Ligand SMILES: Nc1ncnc2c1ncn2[C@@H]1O[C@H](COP(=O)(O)OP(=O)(O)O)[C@@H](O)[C@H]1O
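Shown here is one chain on its own, the form predicted alone, set out as structure tokens.
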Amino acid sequence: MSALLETRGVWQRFGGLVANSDVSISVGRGEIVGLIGPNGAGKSTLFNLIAGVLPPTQGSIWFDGEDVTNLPAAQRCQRGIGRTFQVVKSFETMTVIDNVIVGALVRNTVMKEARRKAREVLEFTGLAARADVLASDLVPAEKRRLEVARALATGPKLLLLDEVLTGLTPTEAQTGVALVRKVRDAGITVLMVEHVMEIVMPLVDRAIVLDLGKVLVEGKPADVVRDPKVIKAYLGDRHAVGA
């Protein structure tokens, strides 16, 4: 499987704080990869480096065979890196469809085409019936889906999902899982940060565990959750008691 995304020896320092330390990961085309680890492990920083929000202090980022290390976020989006945000960033005073049109305008400069793409994405994500509702009137689970819809409207090859299943009820989370699988079935590669281990581990093809800014271990989910280093650094007693 060829790699769609690679980080090569990536470091990110904020003064004396090292957020990412020599991080080298790859995400193959068509994979769903989970990026997990305790709070402060460097997951969000790595997401920002991949998306182009921050330049790495050291190292390089490759996407679809191209070195994109020095490209700004907007150009990476145009090349096919879409993302959601841990803290929902919908435009609250705009309708659901207008939120998604903002994403569609990345590739469709003609408004008619952008609106057509937005409606297509709303159908895909199950939000078509809410198209003309203000984003501020959506329930939390719908707002998470709107984040995904807006990112999908940019036409990504790689979708970065930042805790899209966090804070949802079990039923809502299973709906979210089905949507992630649907995204992958549509030919879009997924890299996701999640904390809900019971949900994310059956979903992903591989898991990469970060701890203190470094890659602690990576592999098949069943192997990762049994790794003593992961249990000590992240899962701890919660895993031991099967919580």
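Note that the structure is a prediction, hence the values are computed from the model and not measured. The numbering used is simple: start at 1 and walk along the sequence shown.
Beyond what is shown, the protein has a form predicted in complex with this ligand; the following relates to that form.
- Of the heavy atoms in residue 224, none are within 4.5 Å of this ligand in the predicted bound form.
- Shown alone here, residue 42 lies within 4.5 Å of this ligand in the predicted bound form, counting heavy atoms only.
- Contact annotation: residue 10 falls outside 4.5 Å of this ligand in the predicted bound form, judged by heavy atom distances.
- Using a 4.5 Å cutoff between non-hydrogen atoms, residue 19 counts as a contact of this ligand in the predicted bound form.
- The stretch from 63-71, 22-30, 44-52, 180-188 that comes within 4.5 Å of this ligand in the predicted bound form, counting heavy atoms only, is 44-52.
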